[in-house]
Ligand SMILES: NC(=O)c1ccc[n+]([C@@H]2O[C@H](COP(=O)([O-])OP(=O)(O)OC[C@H]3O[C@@H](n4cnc5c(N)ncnc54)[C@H](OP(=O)(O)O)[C@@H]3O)[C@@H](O)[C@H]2O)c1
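Only one chain is shown below, in structure tokens, and it's the form predicted alone.
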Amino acid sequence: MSLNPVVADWQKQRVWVVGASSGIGHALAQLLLQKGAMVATSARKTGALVELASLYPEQSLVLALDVANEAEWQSAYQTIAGHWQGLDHLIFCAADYQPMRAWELDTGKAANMVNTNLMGIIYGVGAVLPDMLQRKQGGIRMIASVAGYMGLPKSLIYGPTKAAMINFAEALYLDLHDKGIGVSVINPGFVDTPLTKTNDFAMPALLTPSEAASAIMQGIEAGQFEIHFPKRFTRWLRLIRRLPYPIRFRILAEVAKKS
């Protein structure tokens, strides 16, 4: 069942991919360009974005952006609106991930994760939503994580920021569905990106960024609200989160011993 409007054709769709310098965001931007979309890409460092845009000069905009800075969001969006007279999709891929256990709590790193992962998407929605509401169309897509399903080992702060993103997406959907605006939350398992390279444990069902991008595109095109993958991994986590706490904690404690 489609909870959002389906996307049958990306030709000339105006898409802003934030966090596109590497990993899933970069792969998504490349795939969208191949499908004929008009793609604005943003990140703090723009070298990789400029290189990608040079391959599709008629379809591309490159905008430097610190997602934790609300004023930069507003300025970047005004540039997009000035070039393209609006935006059809915001896809938020930016993330900060620092593995952390309770005895390693670093409040500075915690604040950075909250500001990037949570406040970043809030500022982004604040920038693009008024025009989408006026036109009664658009799409807001955000990459959260299966780490937001429940408390997990080494995910002391990262997990809660992703749980908040999931909750935020649900609330947005309830408010915006009847106004013609699609909302999707994307919950990947492990993807081989610069962020996950910091993990010192085996990552089951590890995907490439290109595989993740394809799954995301298929989910958006089908009008899905939650896009989770790879299902051979995410279905187990969705099952575990439904278990009573004594059983769930026993399972996760064994996982923690191995990580």
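A residue's number is simply how far along the shown sequence it sits, counting from 1. All values derive from a computational prediction rather than experimental measurement.
Only in words, not in the display: the form predicted together with the named molecule, which the text now covers.
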Using a 4.5 Å heavy atom cut-off, which residue among Ala163, Val125, Ile80, Ala95 comes into contact with the named molecule in the predicted complex? Ala95
Heavy atoms within 4.5 Å of the named molecule in the predicted complex: does Pro194 have any? yes
Even though the named molecule is not shown here, does Val15 get within 4.5 Å of it in the predicted complex, heavy atoms only? no
Taking the named molecule as it sits in the predicted complex, is Ser155 in contact with it (heavy atom to heavy atom, 4.5 Å or less)? no
When the contact criterion is heavy atoms within 4.5 Å, does Lys45 count as touching the named molecule in the predicted complex? yes
Using a 4.5 Å heavy atom cut-off, are Gly36, Leu90 and Gln137 all in contact with the named molecule in the predicted complex? no
Within 4.5 Å of the named molecule in the predicted complex, heavy atom basis, the matching stretch of 185-193, 127-135, 101-109, 80-88 is 185-193
Listed by sequence position, which residues of 124-145 have a non-hydrogen atom within 4.5 angstroms of the named molecule in the predicted complex? Ile143, Ala144, Ser145
